[in-house]
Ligand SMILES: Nc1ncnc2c1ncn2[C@@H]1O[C@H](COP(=O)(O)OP(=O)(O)OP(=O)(O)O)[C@@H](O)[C@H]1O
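Below sits a lone chain in structure tokens, taken as the form predicted alone.
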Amino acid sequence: MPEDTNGLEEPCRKIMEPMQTTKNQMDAVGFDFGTTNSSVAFLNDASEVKLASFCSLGAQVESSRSVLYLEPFRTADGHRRTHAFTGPAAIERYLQAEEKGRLIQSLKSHLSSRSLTGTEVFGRRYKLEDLIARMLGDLRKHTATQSEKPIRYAMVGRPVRFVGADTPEDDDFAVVRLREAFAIAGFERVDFELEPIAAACAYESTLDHDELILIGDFGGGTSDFSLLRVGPGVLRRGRTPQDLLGNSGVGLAGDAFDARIIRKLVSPALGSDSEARSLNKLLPAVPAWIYANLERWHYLSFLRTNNAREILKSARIRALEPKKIEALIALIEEDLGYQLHQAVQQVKFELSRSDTAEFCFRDSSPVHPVIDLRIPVTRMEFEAWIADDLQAIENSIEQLLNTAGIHPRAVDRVFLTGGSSFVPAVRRIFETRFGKDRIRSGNEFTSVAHGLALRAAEALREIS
């Protein structure tokens, strides 16, 4: 997406008002704003669902990274301003920049936090809602160009349980903030739908009979589950609240799995378990907080400080395994966090297809790379690392069935969507409980946006 030369200096605020336009004057848009990726879907003139496409590294993709990159500059008259980039353009600009600006991601995971109201960027404070609105506004304009219709209304997906939400009041607080961000981004009206129900609507569009289904939606930050009745008969008579038998969710998913791989596989190769001599004692060579920054790739830039450099320089001198610390220093100085996490994604993908894989990562030097990691890993090891996360997912499903009073045999189909639904250990939870023959999946990364577009069309028909 193109840069906005006005950046975040003067966000375009709009007050939420009742929608006066008719369905023929605006598009039916489904908006899946995710922790890691976002997708937007709309209905064309033939009532077919179309996904907005984005150019990423020369290829067209159907989702946009949920990131915001801010870069300072000075105008001709000396005023300091901020360029703002979002989506794939933000990643490309960040990787190309000699002096890094501020890359911000996973903003959705902070919506339920009452203590995090915003952040300071280059000496100016911005509300969390303004930062999110910057991404939403670009997505709105980009989609409007492709749909060739004005976009002022959206059916927005929301998780069953927001990351960090401990109570229903926390979830309500997150929804209020997200609604404000959409208003700032120029939307006149938004409605919210649970993400697993949106995925159910996408699945429902393929049915010729009614079913009782369980939806498992695995995002970057949350895993959500809903139990509901769907099908052509439900659509003909009209949906009722009784069609939704229950829902549950946990605040972990793909990002948590990635963090476990970094912690258990990568960090030890970079010295997290290494020791150093200090006054005839053996102590950890490097403070643990430095390795914690590896688990979120854009945090690596925060370690390029004089304080961190001095800590690592001293650690390399005293460490019993100095080459590991040298590799860690090279990772930080070359700012290879994004490339590291791409390698993590690759090994996770390979472990979804095979019982064994090799984690491969090296720095940019073709002759004498300081970092040259080739570490074998088994699916069994990976599943042991995420065992607690898997148990939390299983407990959430058990709670849903018990609360709804539904026996697993009464569930006709299980539809799984989202990137982590490919992980064999995740699928095994459902196969063990419901049987492999009842598991369905498809369009794992875009089914929520697809279903939201269908729900948006339903809503417009009701208000027209």
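A quick note: this is a predicted structure, and the numbers were derived from the prediction, not measured. In case it trips you up, residue 1 is the first one in the sequence shown, and so on.
The same protein also has a form predicted together with this ligand, omitted here; what follows describes it.
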Have a look at Q345, T119, S364, T305 for me and say which one sits with a heavy atom within 4.5 Å of this ligand in the predicted bound form.
Q345
Among G221, P72, P322, P88, which has any heavy atom within 4.5 Å of this ligand in the predicted bound form?
G221
Tell me, yes or no, whether A52 is in contact with this ligand in the predicted bound form, where a contact means a heavy atom of each within 4.5 Å.
no
Going by a heavy atom distance of 4.5 Å, is S352 a contact of this ligand in the predicted bound form?
yes
4.5 Å heavy atom contact, F434 and this ligand in the predicted bound form:
no
In the predicted bound form, is there a heavy atom of this ligand that lies within 4.5 Å of any heavy atom of D255, even though the partner is absent here?
yes
Using a 4.5 Å heavy atom cut-off, indicate which stretch of 434-442, 399-407, 53-61, 36-44 touches this ligand in the predicted bound form.
36-44
Quick one: name the residues from 80-106 with any non-hydrogen atom within 4.5 angstroms of this ligand in the predicted bound form.
none
